[in-house]
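First, one chain by itself in structure tokens, the form predicted on its own.
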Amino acid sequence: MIICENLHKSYRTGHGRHEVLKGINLRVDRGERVAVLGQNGAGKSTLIKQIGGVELPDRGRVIRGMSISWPLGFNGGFQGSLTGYDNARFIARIYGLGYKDTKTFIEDFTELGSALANPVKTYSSGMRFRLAFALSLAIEFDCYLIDEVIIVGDQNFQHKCVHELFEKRSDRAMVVASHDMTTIRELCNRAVIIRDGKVIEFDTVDEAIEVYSTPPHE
């Protein structure tokens, strides 16, 4: 399970500090697919980063009882001067994977060809996304973090992404932040809304979407 206990997170702005998360409490069990809904700036991405350990909370803690991916598509951890192959070798070493199998998977999945031998800093954003997505899938995490379901590339590559993540790993937990209500209905079995820095939980995904889609009363 994953347990977020009283998470607070703020950022420095030109007018002091802006508190985004104001005491978030959330639990995600194995196999659950939890949608995180919220308006732009509500803190969806911030919460995803807290769960994944990309950022640390100001207060509170995240208890991780299962292995968790970094946010899919997040490429901030790449070393730009290293090649795609070198970054894959580094990830494989950290997670105790065989580099040969990882290399084969990366080559087949990304379809980047000889570009994998070039420094990542020379990649386009789409190429970096392909590599980041492939590296996320090369490791069999218990829970995948998805900050917007953005699948890039041609139709064949998009189908490959959907198959690898949502079909082959249908038993895994997922935390999905998205504005796409159709995707949320298809993928998730639970939903929460972030509003005013707090989490509001609902019994059903449809109920959460209805509340989220209804403008607040003046």
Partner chain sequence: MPSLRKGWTIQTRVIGALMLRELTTRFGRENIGFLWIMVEPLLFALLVGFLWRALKGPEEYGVNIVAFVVSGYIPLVLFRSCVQRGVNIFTANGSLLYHRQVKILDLVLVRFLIELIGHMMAYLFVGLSLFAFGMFPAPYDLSYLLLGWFYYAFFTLSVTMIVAPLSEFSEVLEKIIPVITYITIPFSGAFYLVGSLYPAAATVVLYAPLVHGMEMMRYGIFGPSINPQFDYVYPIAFSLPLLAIGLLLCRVVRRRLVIE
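Numbering follows the first chain given and starts at 1. By rigid core we mean the largest C-alpha set that fits within 1.5 Å across both forms. Note that the coordinates shown come from a computational prediction; the quantities given were computed from them, not determined experimentally.
The discussion below concerns the form predicted in complex with its partner chain, not included here.
- Here is the short version: of Ser125, Gln79, Thr122, Thr104, the single residue with a heavy atom within 4.5 Å of its partner chain in the predicted complex is Gln79.
- Just one listed stretch, out of 155-163, 56-64, 174-182, 29-37, contacts its partner chain in the predicted complex at the 4.5 Å heavy atom level, and that stretch is 56-64.
- Although the partner is absent here, Cys188 lies well away from its partner chain in the predicted complex, with no heavy atom inside 4.5 Å.
- Its partner chain is not drawn, but in the predicted complex it has a heavy atom within 4.5 Å of Phe90.
- Among heavy atoms of Ile193, none comes within 4.5 Å of its partner chain in the predicted complex.
- In the predicted complex, none of the heavy atoms of Glu111 sits within 4.5 Å of a heavy atom of its partner chain.
- Contact annotation for 24-47: no residue has a non-hydrogen atom within 4.5 angstroms of its partner chain in the predicted complex.
- With the core held fixed, Val120 shows a CA shift of 2 Å or greater between the shown form and the other one.
- Positional change of Tyr85 between the shown form and the other one reaches 2 Å or more at the C-alpha, relative to the superposed core.
- With the core superposed, Phe141 shows a C-alpha displacement below 2 Å between the shown form and the other one.
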